[in-house]
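Next up: a single chain in structure tokens, the form predicted alone.
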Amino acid sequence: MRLEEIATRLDARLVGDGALEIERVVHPADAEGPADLVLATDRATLALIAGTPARALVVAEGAEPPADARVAAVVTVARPRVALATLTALFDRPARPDAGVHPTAAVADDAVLGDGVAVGPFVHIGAGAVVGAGCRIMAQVTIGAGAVLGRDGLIHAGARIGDRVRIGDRVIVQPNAVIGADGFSFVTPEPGSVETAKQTGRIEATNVAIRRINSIGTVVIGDDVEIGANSAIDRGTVTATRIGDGTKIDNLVQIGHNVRVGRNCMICGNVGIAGSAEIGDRVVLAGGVGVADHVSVGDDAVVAAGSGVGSNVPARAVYAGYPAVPRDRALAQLLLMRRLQGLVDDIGRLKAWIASSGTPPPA
């Protein structure tokens, strides 16, 4: 691809030879030849480009390549991360299996496959399932009975999509994700340890038996959603667990039964959302956040990594800590904790002074 075309796609300023043919986008340390386009959008990478065999660079606004950099062209971008999204899309090498059904796949007679669908080895597609046009189903995927997948989806190897799950258009499911497993929902015939602990703060009963509550609901995934590897989204008890359009879910995320996640959220790795929680639109839950059951997180809220959300979070709030509180309060608590040792030392000296003098200190 010619460099001038790349600059146009990036809506970026190009200085130098736009006729250069580019084959790869690389880190400065990986540059091997004149067909490489080197990303040097921060100080650390700019410092590495001296002597690079590449002839073209991408830099951030306000940055200049070192004087000893022997390059023929420089592309300047306003927002490096946005430029990275465009560049990685231009030079991606996605899995594109040929359309058709692999001979080892098992597809129910009444399943419906749209135009151009590719079904890989050892896939199972259940009775009455519908797979939209252009979908790519990689090896060893299971799609349950009555499930519906929209157009142009990509289901990576080993993913499990349960019965009656509904998935929108252009959804990407990474390897070994599970959508539509039963929720973790049980009850004791008589009030047990958890119920009495919540009511009184004490354990006043034991769990003599534990009875299963079946999950007869489903999962509904919107358009343009991505679900990370080894993540799990449980089906609802009698209704649907729902994920809104455009939401991105990282690896190793657990979303419980009856949860509702809004549009364009970012749910980072190791997040756990307990049953019936409500997550608004454009929410960011950073890595390792835990959200308690029946809690709501308002639109545009951001929760810092490792936080434990045990009560409702207002819209447009920034929360942190365990339990999660407004960020300024969480920082104040951390500062106070750092002062505790000094306070303990002061009290020790004060006690020693009183013991040695036999009289209280002056006011």
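Every value quoted in this text rests on a predicted model; they were computed, and no experiment measured them. Each form is matched to the other, and the largest set of C-alpha atoms that superpose within 1.5 Å is called the rigid core. Each residue number is its position in the shown sequence, starting from 1.
Another form, the form predicted together with a further copy of the same chain, is not on view; read the next lines as being about it.
- 249 is the sole member of 221, 131, 249, 155 with a non-hydrogen atom within 4.5 Å of a further copy of the same chain in the model of the complex.
- Of the candidates 147, 75, 171, 253, 253 is the one whose heavy atoms come within 4.5 Å of a further copy of the same chain in the model of the complex; the others do not.
- Interface residue remark: residue 109 is not counted as part of the site for a further copy of the same chain in the model of the complex, having no heavy atom within 4.5 Å.
- Put simply, residue 101 is far from a further copy of the same chain in the model of the complex: not one heavy atom of it is within 4.5 Å.
- When contacts are judged by a 4.5 Å heavy atom cut-off, residue 346 counts as touching a further copy of the same chain in the model of the complex.
- Looking at residue 316, you'd find a heavy atom of it within 4.5 angstroms of a further copy of the same chain in the model of the complex.
- In sequence order, 156, 157, 158, 160, 163, 164, 172, 174, 175, 176, 177, 178, 181 are the residues of 155-181 having a heavy atom within 4.5 Å of a further copy of the same chain in the model of the complex; the partner itself is omitted from this view.
- When two forms of a protein are overlaid on their rigid core, residues whose CA moves 2 Å or more are considered shifted, and residue 346 is one of them between the shown form and the other one.
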